[in-house]
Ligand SMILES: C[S@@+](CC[C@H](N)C(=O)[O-])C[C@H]1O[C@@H](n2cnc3c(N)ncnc32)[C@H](O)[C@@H]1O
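Quick heads-up: it's one chain on its own, the form predicted on its own, in structure tokens.
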């Protein structure tokens, strides 16, 4: 079994994992952690980590036992001793270690104090100097774990109390925050007017576009991604980083030139990307099959979200925005859908406007637009990506071409 620490938008993180691993393999959700019963990850842990936009860290469940154990703390001590002894048998140098405790059978601070101290003594008995990364009796943050090098040089453990089971997991990989920052802020072309799609969200959208997991536990990946509203090319950059081929187009010549510069930046500065990409200038409503270098396996895109606003627009202005976007979506979807194979997925962003804290004014009647374009909507519940300070949020919609 494997443990995935979910990102800030829990529902979106779960949707990504469920599509890649199959919801039937989800064992339990504990706070911001999800446990999946998987025979293997099918990729090296860090390679998988670098693919997942909605996962903070990946860990392997190395022990679990019923929470009704007569003396759970004694059982945890025994388990930790075995894990630490095995993990450090071939190590040297000073050892950084971190511990996270969630839904444990005690006050969290008391629990952490006990088991951080126990772990330190155990590591010392093995002949190593060590330091724990946690601030006094608090769970270690992602930044602390990453900066300390606990995953690479030491160990990061998570203890979780489930409905009927206590789990102990050893971290295999952690999100590379520096890489996200570098490719987002150092890319040569950035234009806020074209939107600032976060790289992590672009990754999630690409992963939602993958074919659903088959009964054999494997599915053919969507190898070629097409973005007909490429903007600054964030989605296509992330496609190249996942070793996929990328096709992009935009009605704006500046966007096409900027995307080309950004894709060249990725190929130059990151290892193991593909170098197969094609960018062209065209209105998505007029694209023909001859414009594409082959039929794409998936369309992943963020179209226009409407004019920028700092507060909820008046009803008549909202209606004008939705009317304009309805016309746009009907036109480009009905144009491109016939060019795609049945079963092809499309993952797109729609604007949704925050009315209150968790209440939104969503894009109206989009199901009718999808129907006209011979598409079905796959996600049964809204998948909304938002930031607390924003009025306009993104609703992620997963579509599929009907057979």
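Numbering follows the first chain given and starts at 1. Predicted model, so just to flag it, every value in this text is computed and none were measured.
The form predicted together with the ligand is left out here; the points below concern that form.
This chain lacks the partner; the member of 194, 263, 208, 133 within 4.5 angstroms of the ligand in the model of the complex by a non-hydrogen atom is 194.
Note on contacts: among 252, 291, 106, 77, the single residue with a heavy atom within 4.5 Å of the ligand in the model of the complex is 252.
Within this chain, residue 303 lines the site of the ligand in the model of the complex, having a heavy atom no more than 4.5 Å away. Not displayed here, the ligand is kept clear of residue 221 by more than 4.5 Å at the level of heavy atoms in the model of the complex. Contact annotation for residue 230: at least one heavy atom lies within 4.5 Å of the ligand in the model of the complex. Although the partner is absent here, residue 328 sits close enough that one of its heavy atoms falls within 4.5 Å of the ligand in the model of the complex.
Looking at 159-167, 84-92, 303-311, 123-131, the stretch with residues near the ligand in the model of the complex, meaning non-hydrogen atoms within 4.5 angstroms, turns out to be 303-311. Residues 282, 283, 284, 285 of 259-285 are found to place at least one heavy atom within 4.5 Å of the ligand in the model of the complex.
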